[in-house]
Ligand code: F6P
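As a starting point, one isolated chain is supplied in structure tokens, in the form predicted alone.
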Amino acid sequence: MTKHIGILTAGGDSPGLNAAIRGVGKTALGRYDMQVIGFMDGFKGLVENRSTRLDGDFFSGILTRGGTILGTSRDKPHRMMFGGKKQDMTDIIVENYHANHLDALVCIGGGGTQKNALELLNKGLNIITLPKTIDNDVGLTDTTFGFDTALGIATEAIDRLHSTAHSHHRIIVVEIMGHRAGWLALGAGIAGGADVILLPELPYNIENVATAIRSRVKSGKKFSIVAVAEGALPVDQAELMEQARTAKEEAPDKDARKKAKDKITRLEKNNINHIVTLSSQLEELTGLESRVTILGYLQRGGTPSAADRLLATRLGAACADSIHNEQFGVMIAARGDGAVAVPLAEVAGNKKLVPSDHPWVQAAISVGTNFGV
């Protein structure tokens, strides 16, 4: 019998989403004669049963497009704003899944989407996921689509900032996306020749950063590029954040968990102007003018790179293969040039952070990059 599959994209937009939709859809249609339905705006569209039939014409021309043609949202099935308040809408999702006669639902997204998809799997639905995020922090996959494109954009930005830093003898502090994981700042910092790279995984000492910049000045280099992941923190603040996160994970009850979560929120709000404070501190400690550049959403917009199109296409095709073989409850992960199905239960909540001894870190240290530690 013909299989019916649904596809949705959830979380933040990312380059390569349309390539992934196309990879799943064209393989499902062309190789396996499946029927494909796209749900609009992530899990919210599934709750509201807003869908569209995906046929050959739908997939035409979307490979090179950024963002997601299906739309997206950050709504969580178990805590969705509906009727003026947050409600658990998973039972409605189950109803709509069966109302559309689905044999499987493909959820394309990052870490949050993997956790939300696991909840639906535990409700008895046939779920399969694909890993996207420019942060590259989804566990058990070599890489995520979206990362390579963002890496290229951030690197080009650093390249362009070199000329201004050099001409005006300034420190340029450039903020790069990455709250918990520093892969993007690390990769772009190395590729762009940043003199200092600050990561969430390696809490820094501001004096160590200033010392490195002053040493450059003494050697005749009167400018510096500082690449900072948005979640990077000095040692004292990082300790407070780690204590709050540990308290949240180990909370014995709902009230204790909420208290810890509120503390994390307060610490994150205090960190909003962190990049400006860092710039001012470096200016005071080094005597050089310092300027801030925040790349923001520029990093995840625009046309996906060739590498991301290739990755999303092959993972999408492998996803359709897994549906045909009735292999559910998995995420299709990148492994070398191939793809493997890994249990969704092992992926959800498994955040891939930068190890202090990672080869990229060691290479950066070898060429004289300072990490503020």
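Numbers for residues come from their place in the sequence shown, where the first is 1. Model, not experiment: these values are computed from the prediction.
Quick note: we don't show the form predicted in complex with this ligand, though the next part is all about it.
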For this session: Have a look at Lys221, Arg245, Arg74, Arg257 for me and say which one sits with a heavy atom within 4.5 Å of this ligand in the model of the complex.
Result: Arg74
Problem set entry | Of Ile225, Val209, Ala104, Met177, the one that lies within 4.5 Å of this ligand in the model of the complex (heavy atoms) | Met177
For this session: Using a 4.5 Å heavy atom cut-off, state whether Thr133 contacts this ligand in the model of the complex.
Result: yes
For this session: Tell me, yes or no, whether Glu230 is in contact with this ligand in the model of the complex, where a contact means a heavy atom of each within 4.5 Å.
Result: yes
Problem set entry | 4.5 Å heavy atom contact, Arg300 and this ligand in the model of the complex | yes
Exercise. Any idea which of 118-126, 76-84, 267-275, 177-185 reaches within 4.5 Å of this ligand in the model of the complex, heavy atoms considered?
Worked result: 177-185
Exercise. Which of the residues spanning 245-266 lie within 4.5 Å of this ligand in the model of the complex, based on heavy atoms?
Worked result: none
